[in-house]
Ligand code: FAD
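Consider the single chain below, provided in structure tokens and representing the form predicted on its own.
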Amino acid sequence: MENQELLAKMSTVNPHHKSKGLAKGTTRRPAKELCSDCGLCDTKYIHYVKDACAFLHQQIEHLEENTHQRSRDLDNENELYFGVHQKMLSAKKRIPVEGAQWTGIVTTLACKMLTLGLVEGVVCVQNTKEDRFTPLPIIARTPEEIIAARVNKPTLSPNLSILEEIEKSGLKRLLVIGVGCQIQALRAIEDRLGLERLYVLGTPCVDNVTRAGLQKFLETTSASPSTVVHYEFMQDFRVHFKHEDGSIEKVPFFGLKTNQLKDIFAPSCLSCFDYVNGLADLVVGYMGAPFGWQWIVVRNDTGAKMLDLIKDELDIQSVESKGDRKAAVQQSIPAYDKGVTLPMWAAQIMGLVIERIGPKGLEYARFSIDSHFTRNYLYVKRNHKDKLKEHVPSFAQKIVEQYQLPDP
């Protein structure tokens, strides 16, 4: 099937992923173009959206204190960047989950919590039968349903659209897996869901797209877009595409066609400052870990107990931080702003040099946060100047102030 035919079919199957992100039969999107399609507005809980939506009412710092019983320490660089936490570590499963994007830590923990009876259901995201990248939020009741949700779907996903199903099902103990904008809305209405226990397993998130935007990225960047199974922007400054035959295609960041891709990112992602999912109990990502490992952030006692459930199945090592990100970040600001794209031969050379001498571990994570926060600050300032003061959290403001930004 040709790509355009496939996209047309998907827009019928899952109308959440039309270009404007509007759900079928509704135009209720109070955040308008900044809507991240988290799904809240597709439920009766839309009545709380004015206070709950991250893009209408930025309240992450208030919710951090409610969730973790304290605010992040802005004088502590790790908390400034990575949020309230008890500890960070690097880990990988000794026996990986077959077909997982990494080694399957998220999948394993969710299955464990369900089989032990700690939760009665798990909110996670499978994909539709028609397309591996079109998200299908579900409440998983069996380990098999959780395993079927493995691998990230790098598109806007209405995870919270199943909130009414939770209420109707009578579930009282729930694990929710989600990204920052979804979790901020969830935390804002948590006490209205009638749950006895809520666990939140978060993943870091940046630069989601509509399904059509994803197709443009794949076709612009990969040599074989139709066979890509999953991809990630990795610590070696390359995008890693895994293909159906198991091969890995690597494309250097600096060779991306930025001038063609600047318009594919969702406006919500261009105005987000919760890259690290600061309101989750436990966060599992990759960007602060050595290559081949995953980065785990334990935010509170609940997160610590969750991690303990699978600790015996993991190899664990401490996090490290090497290099200096600041010059690279400062240089990247005007390069992105002007849509600079290097010839592939030059991008390959630059990628090799930066891989050898560039930031690693937590310093790479700070590089990524700095790069996105400066970009997003400029986006909000240029496109939603009236929201700038209230929308940018104090921790993000402090991070951005380290750099010289171009004029609006």
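A quick note: this is a predicted structure, and the numbers were derived from the prediction, not measured. Numbers follow the displayed sequence, beginning with 1.
There is also a form predicted together with flavin-adenine dinucleotide (FAD); it is not shown, and the following applies to it.
- Contact annotation: of the candidates I166, L114, L214, C124, the single residue with a non-hydrogen atom within 4.5 angstroms of flavin-adenine dinucleotide (FAD) in the predicted complex is C124.
- Though flavin-adenine dinucleotide (FAD) is absent from this view, in the predicted complex it lies within 4.5 Å of a heavy atom of just one residue from L314, V239, A100, V228, which is A100.
- Stretch-level contact analysis of 71 to 79, 177 to 185, 220 to 228, 306 to 314 against flavin-adenine dinucleotide (FAD) in the predicted complex, using heavy atoms and a 4.5 Å limit, identifies 177 to 185.
- Relative to flavin-adenine dinucleotide (FAD) in the predicted complex, residues V151, N159 and V284 are all within 4.5 Å by at least one heavy atom.
- Looking at I105, you'd find a heavy atom of it within 4.5 angstroms of flavin-adenine dinucleotide (FAD) in the predicted complex.
- Taking the partner from elsewhere, N208 is found to have a heavy atom lying within 4.5 Å of flavin-adenine dinucleotide (FAD) in the predicted complex.
- flavin-adenine dinucleotide (FAD) is not drawn, but in the predicted complex it has a heavy atom within 4.5 Å of T203.
- A residue is said to contact a partner when one of its heavy atoms sits within 4.5 Å of a partner heavy atom; Y275 meets this definition for flavin-adenine dinucleotide (FAD) in the predicted complex.
- For the partner-free chain shown, nothing in 359 to 384 comes within 4.5 angstroms of flavin-adenine dinucleotide (FAD) in the predicted complex, judged by any non-hydrogen atom.
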